[in-house]
Structures are given as structure tokens and as C-alpha cells.
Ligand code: CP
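Encoded as C-alpha cells, the following chain is the form predicted on its own, with no partner shown.
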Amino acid sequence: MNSFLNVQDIGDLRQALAEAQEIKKDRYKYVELGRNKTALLVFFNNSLRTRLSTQKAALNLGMNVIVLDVNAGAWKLETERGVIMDGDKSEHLLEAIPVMACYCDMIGIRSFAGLTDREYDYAETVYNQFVKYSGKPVFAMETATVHPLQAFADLITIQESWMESEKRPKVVLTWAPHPKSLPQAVPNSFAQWMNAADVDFVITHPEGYELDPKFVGNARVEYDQKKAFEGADFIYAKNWSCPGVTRPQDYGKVLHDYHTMTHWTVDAEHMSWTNNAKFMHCLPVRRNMIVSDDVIEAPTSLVIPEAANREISATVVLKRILQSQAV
């Protein structure tokens, strides 16, 4: 595996989930696999769970880890070709990438969407430059359009929490209000991975927030949130800005004043519509905007197990990259 961006890159999903459980039983089973190998983790944006979990995963595998925070410890990087570099950016990514590659065996990239140019963001311009110019395996720690390590951890969490083997769980991805404009990476990946899994998957959001069809896949889209929640076993709440599918001119925008959309906040009443559903969110979460205190603090909340499983999903991915290098 030389690139990890989408669910297809993980290969057989059942096997990947089985590997996750194997690693969870013994996180250091493959500690010799990464001996004298180095993972470079490049952060263009802030991180807590991704930084800690991916570092821990690399250590589980016996790797050395270098963390580069581009905004705090490096020259400002230009990412577009043809730009006259007479501003505050001192180095171009096209020189920086091969330099970074000199010092490592694989590279993790975290680079959010700019939310102003949909074509640029959805082309995964920054990520694909690393793939093209580094000559090293590259994996996504959240990019402009996807967050596969999070979605993989989410699926591990659902698998561990679902006991009724004779019934497919109903999983609902619900939009929730937020005061800022957020990217679509988490909902995109969650939708992509749920479509690949054996679940009954529903997406609910106000009109205008339609996700890209390539991520929606076979999911049922329901604009009536209450109807979507009925009989649900898992509720995954997440805000996202306008994806620009039906309203290209509004890409990256918040379409409504969040004060008028609080009826989308997941609270106890919303959860009463479900089949005693488990609540999920990738974190960080704005309480009483996305979800009420009583829901996120309830025994049915899975937000901490989800975060813990980030270590497991990352260990599986890095293990597979190391094994592909050894062939």
C-alpha cells in the first residue's frame, strides 16, 4: 500500500477489521516491523487526536517519528505552480517535498480544505503533490476532502458496539449546526466507509448541504431528521459547510444563521426517536451546538472509544505500508 486516502486503499475491509482486533489485543505484536524506519508526520493544520494517535501507532510498530508543524516550525510554503513568490511564502512545496522525503520512509499529511476553490480542494492538490514528488508511501491524516483514519476508527467502534449479528445496524449521519464554516472531510469519509460496510446507512441534512455523490454512494438521503432517526442504532453527528454540489456558488459557506438551526442539535428528544442509539462524533465537539451535554455524557456515548480506536486504525494502516515496503 503506497497511498492511503480512500476506503478502497485498505483492501478487504473484513480483513482490515480483523487485523484491528488482532492489534488491539497486542499493540506491540509487530514492533520489529518498523525498526530503523521513520515516519514523517506533516501538519498544515491543528491536531490533537490525529497527532497523538498516529505517533503512538508508529511507536507501536517500532518506528522513529518526526513531526513537522508547517505553520509553527518551518518556512511558509507555496503550494501552487506558476506563482511569483514575492509574498510571505519563502519555499515552494515542490522543493520541500523531495527534501522531506530524504529523511523518512513514509509521510503522513494533514491539510484541510481552503473552502474557497472547490476544484482545487476536490482535486486533493496538496496530497497528490506529495504522492507525485516524494517517492515515498503517503497516507492521509485528513485532507481537503477525506479523513480515512477517522472513518476506519469509527467503523471499528461500530463493529465492537454492535451485538445483534442477525441484523444490520441502522447508521445515521446527521448534520448539526456550527458557528464556523467546516470542511466535508469527516462526513465524506464516514459516508464512504459506511457504504463499504454491511450497514443500513442514512444521511440527513437541510437542503443545500448535499455531499458529493461519489461519497454519498448508495446511502439514503433524508431531509426530515426525525424520520431519519427513527429506528437508528447509531447516530453520527457532524457539521459541514455547503459542499457546492447543487449550489456551486455557495461552496464552503454556512447557508443558515446557526441560531435558526438549533432544532438540528442532537439532544435527548432526538435520541428518543431512535432504537436506543449510540451517539458518535469525531471530536472536538461544540457542546450544546452539535450535541447536548446529557447526550454526549450518557452511557450510550461512544466518543471516547472512537478516539481510542484512532490508535488502532493508524496502526493497521502503517503496518500495511511497512509490509508493502518489505516485499
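Don't overthink the numbering: it's just position in the shown sequence, from 1. Since we're looking at a predicted model, the values are computed, not measured.
What comes next is about the form predicted together with phosphoric acid mono(formamide)ester, which does not appear here.
- Across the proposed site, Asn46, Arg110 and Leu283 without exception bring a heavy atom within 4.5 Å of phosphoric acid mono(formamide)ester in the predicted bound form.
- Phosphoric acid mono(formamide)ester in the predicted bound form is not approached by Ser292, whose heavy atoms all lie more than 4.5 angstroms from it.
- Put simply, Gln150 is close to phosphoric acid mono(formamide)ester in the predicted bound form: some heavy atom of it is within 4.5 Å.
- Taking the partner from elsewhere, Asn60 is found to have every heavy atom lying beyond 4.5 Å of phosphoric acid mono(formamide)ester in the predicted bound form.
- Within this chain, Thr274 is remote from the site of phosphoric acid mono(formamide)ester in the predicted bound form, having no heavy atom within 4.5 Å.
- Comparing 246-254, 129-137, 142-150, 194-202 against phosphoric acid mono(formamide)ester in the predicted bound form, the single stretch with non-hydrogen atoms within 4.5 angstroms of it is 142-150.
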